[in-house]
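Shown here is one chain on its own, the form predicted alone, set out as structure tokens.
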Amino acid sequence: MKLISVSKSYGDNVVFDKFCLEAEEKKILAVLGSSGCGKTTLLNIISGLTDFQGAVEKSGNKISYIFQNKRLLPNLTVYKNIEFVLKNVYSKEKIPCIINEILRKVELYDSRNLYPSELSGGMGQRVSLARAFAYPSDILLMDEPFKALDISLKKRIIETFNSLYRTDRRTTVFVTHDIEEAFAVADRIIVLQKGGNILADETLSVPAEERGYADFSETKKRIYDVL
């Protein structure tokens, strides 16, 4: 996926000025940066939710988007929330198998008939992950999906994400404020500055599942130095 000479302004506020970026297919690109630097705007440009000048070249147009606030439909059960995004993609006969399989993977099969109001924060976020991976997207966008979770729950949800991703890879752009989150999932990390300047660009050679044994202290220092 490529962003070519992308420009975006809100009035006099220039967020991107002829910004270029290439994200490798079926790899996870984490985007760090201070508030207001354009991280969410970047996701919205890729997804087509906002207008811009320039071009975005994508290998496919199907996109899964995991937002900060989960965005589950309150009047639908867990099962129905996932079914909602699949009903125009798969046959009626195939959909139950897909939903039940993904719910088992995120350990929510027994909660499939609950409504969003009956879910804990962690359960709701796992539904968001399940919905994103159930949909056959080419690109996965994530806007700080682990932000509101406590440390132990965040670790569990990240492990769930990594497990899903290992068996179903998509070109992924992951926005976060948290360096540790980025190092837990990403293949590459960039630090973005307002205007579209990239202050740091680090590729991680060790797979996410082996990160516990790798020493990234120097890489983390380089990133901390520019944040």
Partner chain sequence: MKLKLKKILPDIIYPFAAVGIIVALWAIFAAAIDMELIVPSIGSTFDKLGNLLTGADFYRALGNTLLRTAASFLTGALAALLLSLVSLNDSVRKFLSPVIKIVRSVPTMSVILLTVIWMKPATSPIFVAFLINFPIMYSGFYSAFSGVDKDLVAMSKVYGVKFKNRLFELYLPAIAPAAFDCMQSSIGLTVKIVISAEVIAQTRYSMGIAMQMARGYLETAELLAWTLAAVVLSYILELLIFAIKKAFVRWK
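Residue numbers count along the first chain shown, from 1. Note that the structure is a prediction, hence the values are computed from the model and not measured.
Just so you know, the form predicted in complex with the partner chain exists too; it's not on screen, but the next bit is about it.
In the model of the complex, Val185 touching the partner chain (heavy atom, 4.5 Å): Because no heavy atom of Val185 falls inside 4.5 Å of the partner chain in the model of the complex, the answer is no.
Though only this chain appears here, would Ser47 touch the partner chain in the model of the complex if you measure heavy atom gaps against 4.5 Å? Yes, contact at 4.5 Å.
Although the partner chain is absent from this view, report whether Ser64 comes within 4.5 Å of it in the model of the complex, heavy atoms only. Ser64: contacts the partner chain in the model of the complex.
Contact flag, Ser117 vs the partner chain in the model of the complex, heavy atom cut 4.5 Å: Ser117: contacts the partner chain in the model of the complex.
Contact stretch among 161-169, 65-73, 193-201, 176-184 - heavy atom within 4.5 Å of the partner chain in the model of the complex: Flagged stretch: 65-73.
Contact assignment for the partner chain in the model of the complex, among Ile99, Ala132, Ile157, Leu108, heavy atom within 4.5 Å: Selected residue: Ala132.
Note which of Val85, Ile95, Leu149, Met123 lies within 4.5 Å of the partner chain in the model of the complex, where distance is taken over heavy atoms; exactly one does. When the partner chain is considered in the model of the complex, the option within 4.5 Å is Val85.
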